[in-house]
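Let's start with one chain on its own, the form predicted on its own, as structure tokens.
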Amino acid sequence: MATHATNDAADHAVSLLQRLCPPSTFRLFEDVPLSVWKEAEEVRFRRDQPIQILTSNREYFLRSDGSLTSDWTTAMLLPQEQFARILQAVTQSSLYAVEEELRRGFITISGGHRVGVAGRAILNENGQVQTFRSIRSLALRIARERRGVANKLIPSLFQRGQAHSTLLLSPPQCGKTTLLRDLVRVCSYGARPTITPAKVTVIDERSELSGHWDDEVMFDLGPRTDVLAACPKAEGMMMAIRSLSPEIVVTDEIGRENDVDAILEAVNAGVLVFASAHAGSLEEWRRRPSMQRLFSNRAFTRYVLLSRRLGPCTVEAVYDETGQNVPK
């Protein structure tokens, strides 16, 4: 059974589901092949709908006997009471306790795993989402530590031992966070003479990069890394510059005007920046008015375009600060 597997990636996924699912639901997962759990990226729970398992290139639905099918019409429907128990595990039995996270449409759980939610949005007096009620869907994204995935980029992103300020670009689910995490580890440990060890501060607003949970950091970010968990990106970058003297600051999924201001402040203070953003190309990213400021000020001297063409973290291109190709 999968619960007794020695494969780390498979064990990682199965132990996570064991924490979240009631026994009657978890039993259905025990006969799922190790090859599926090794590659699993998402498990989607929908009330009164089939349970869906997604890998990098396949989708499966779960039957009532624990077997998998690609035909959703033959799959088991997740009963309302079992869905409710999974929701309780995700929210620790208190929607109020996770209300701040729900405003962003997801909850981060132990291990840095993100659970997206869908249901009825409750708006505040300003018309902004305050929380969700009548939640009917949970999209569990399985966070994985992939050591060494950044190694192929070292020749392009480091020069005479020093890192370039780097922005990772891709559509969703192409491995930006995974690659960013490994870059943090590489810089924090160093590897002379190729990489000079550096003090790194991670601004981990969603607690995904570090897997920060209950005073524990779940992923290895190296011996010279400090983490500001659950801290807004822009505010965290300024706090880090003032009080932690980082050589590199790292944050995920930039996009707001105040993110741009903070990155420019960091660069002008002589601090390198690693970050990521959603975009299908460098040109698409540049077309956003606030992002154009970063490009024109050469805040980043390397841009890495990722895809899923050969699986997550596929490097399609590396560009310099002018948008010219850099050999990979």
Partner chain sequence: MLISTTGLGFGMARMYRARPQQIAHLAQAIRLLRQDIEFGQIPLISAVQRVGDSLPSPVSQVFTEIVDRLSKRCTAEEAFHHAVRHVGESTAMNAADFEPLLAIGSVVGTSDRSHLSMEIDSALIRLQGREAEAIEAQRKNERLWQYLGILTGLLLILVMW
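Computed from a prediction, not measured in an experiment: that's the story for all the values here. Positions refer to the first chain, counted from 1.
There is another form of the same protein, the form predicted together with the partner chain; it is not shown, and what comes next is about it.
inquiry  = Can you tell me which of 125-133, 188-196, 162-170, 148-156 lies within 4.5 Å of the partner chain in the predicted complex, counting heavy atoms only?
reply    = In the other structure, the partner sits against 125-133.
query = Can all three of D31, R46 and L138 be found with a heavy atom no more than 4.5 Å from the partner chain in the predicted complex?
reply = No, the whole trio is out of contact, none within 4.5 Å by any heavy atom.
ask   = L20: heavy atom within 4.5 Å of the partner chain in the predicted complex?
value = The answer is yes: L20 has a heavy atom within 4.5 Å of the partner chain.
4.5 Å heavy atom contact, T91 to the partner chain in the predicted complex = Close contact exists here: in the predicted complex, T91 approaches the partner chain to within 4.5 Å, heavy atoms only.
message = Considering non-hydrogen atoms and a 4.5 Å limit, does the partner chain approach E235 in the predicted complex?
response = Heavy-atom contact with the partner chain at 4.5 Å: absent for E235.
key: Partner contact for E216 in the predicted complex: the partner chain, 4.5 angstroms, heavy atom   = Taking the distances in the predicted complex, the answer for E216 is no, it never comes within 4.5 Å of the partner chain.
request  = Go through R104, R224, R85, R256 and name the one with a heavy atom inside 4.5 Å of the partner chain in the predicted complex.
outcome  = When the partner chain is considered in the predicted complex, the option within 4.5 Å is R85.
query = Out of M239, L95, A121, C231, which one falls within 4.5 Å of the partner chain in the predicted complex, going by heavy atoms?
reply = Contact with the partner chain in the predicted complex is made by L95 alone.
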